[in-house]
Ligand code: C2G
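First, one chain by itself: the form predicted alone, in C-alpha cells.
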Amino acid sequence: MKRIITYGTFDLLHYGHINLLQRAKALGDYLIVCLSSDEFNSLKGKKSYFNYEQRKKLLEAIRYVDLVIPETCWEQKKSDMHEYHIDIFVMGDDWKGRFDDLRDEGVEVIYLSRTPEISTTQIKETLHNTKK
C-alpha cells in the first residue's frame, strides 16, 4: 500500500483544494492530510475563517481523504514520514524546493501544480473588496 501525505490550512475549502487532494490520492492508496492547528496558524501569522475542528470535519467528508491529523509545528514533517510510514510527500508547487530534504527520510517528494484561477487568498481579497 502506498501512503501519501500532504499539509495545509485548507481554510475556505474550494475546488482548488479538491483538485489537489484528488491528484494526491491518485498517486497511491491512502491519503493523510496534516491540517494546520489554530495555534500553528498563529505562529505562522495566519488567521483562518474556520477553526481547526470545522476544517477537519470538511476534510473528513472528502472521499479522497483517509485520515486527518493536526500539524502543530514545521519540524513534525520529518517524524510524520516515519510515524505514518509515508511513501510520497505532496505539496502545491508554490512550495517547490522547500521540502526536498524529506527525500533524506526515504520518501518521494512531489510538488503538484496549483489550480491557477483560485486561491483562498484570492477569495478573501474578493470578499473584502465586495464589502466596500
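None of these values were measured; they are calculated from a predicted model. Just count from 1 along the sequence shown to find any residue number.
Beyond what is shown, the protein has a form predicted in complex with the named molecule; the following relates to that form.
- Checking 63, 46, 57, 82 for any heavy atom within 4.5 Å of the named molecule in the predicted bound form turns up a single hit: 46.
- The listed set 94, 29, 101, 39 contains one residue whose heavy atoms approach the named molecule in the predicted bound form to within 4.5 Å, identified as 94.
- Residue contact check for residue 22: none of its heavy atoms lie within 4.5 Å of the named molecule in the predicted bound form.
- Put simply, residue 77 is close to the named molecule in the predicted bound form: some heavy atom of it is within 4.5 Å.
- Residue contact with the named molecule in the predicted bound form: residue 71 places a heavy atom within 4.5 Å of it.
- Using a 4.5 Å cutoff between non-hydrogen atoms, residue 122 does not count as a contact of the named molecule in the predicted bound form.
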